[in-house]
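To begin, one chain is listed below as structure tokens, in the form predicted on its own.
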């Protein structure tokens, strides 16, 4: 029996609505990874389509949790960050990374801060700069198209995109994160949607494009990033992991569409977890 890998997931908890930790914990656990968490905030629901939700900031708890882990000599094979509620939390996460990682720990940052061409209204204008600093500490970053332009300090450009523009963004983002870049929300026409990957060390680029499913589905970014990390930790290459994550995310969307449910509730990622496990079994635990 090989050693079980351990991941620290640093996200908010939306008590209803499938996103952040309520996605990361089951997906990574299903992949056979011991998954621990540092919650950055607790919300009654996610913020997409709901009003009157509760919000409790947990900034003061983040460093004490990391310090206790360090005191207990708890090591991690990966640290995975998602929604961070403030510039202060991005600064704190840099300290957390210092405390709970070693040279073998993979750090993946999903720079959650915007979509559909705009910075989320909960963030100040200086938040992208703070997130850029955190991304510089990462081995893998997973921005969507909006977040890519925000990280680069550029004006958002709506798609469809030319391949040359995607290549330019990947190269520019690799100047922030000198590891690997996974750019999501890429599309060249109205029929397909997917991700582009770039490894700054090897110069290898790849695309993981799938048939587009019409509609707006909350939580798909977390489903994608969590299954991407699961595949990477199971020994798949970045290109292979991007494809597995794309397949699993599309399956989750299609299942949700067939159920004709309230789309604010998030995608039904649970139904297809057995299929995700089958896809991951083709990899090698290292």
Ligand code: PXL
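Everything numeric here is computed off the predicted structure, so don't read it as measured data. Numbering follows the first chain given and starts at 1.
Below, we refer to the form predicted together with this ligand, which is not included among the displayed structures.
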Quick check: do 24, 76 and 234 each get a heavy atom within 4.5 Å of this ligand in the model of the complex?
no
At 4.5 Å between heavy atoms, only one of the stretches 41 to 49, 224 to 232, 247 to 255, 63 to 71 reaches this ligand in the model of the complex; which one is it?
41 to 49
Heavy atom within 4.5 Å of this ligand in the model of the complex: which of 135, 93, 112, 145 fits that? Just give me the one.
112
Verify the contact flag for residue 19: yes if a non-hydrogen atom of it lies within 4.5 Å of a non-hydrogen atom of this ligand in the model of the complex, no if not.
yes
Any chance residue 188 has a heavy atom within 4.5 Å of this ligand in the model of the complex?
no
Proximity of residue 156 to this ligand in the model of the complex, heavy atoms at 4.5 Å
no
Is residue 80 close enough to touch this ligand in the model of the complex, meaning at least one heavy atom pair within 4.5 Å?
no
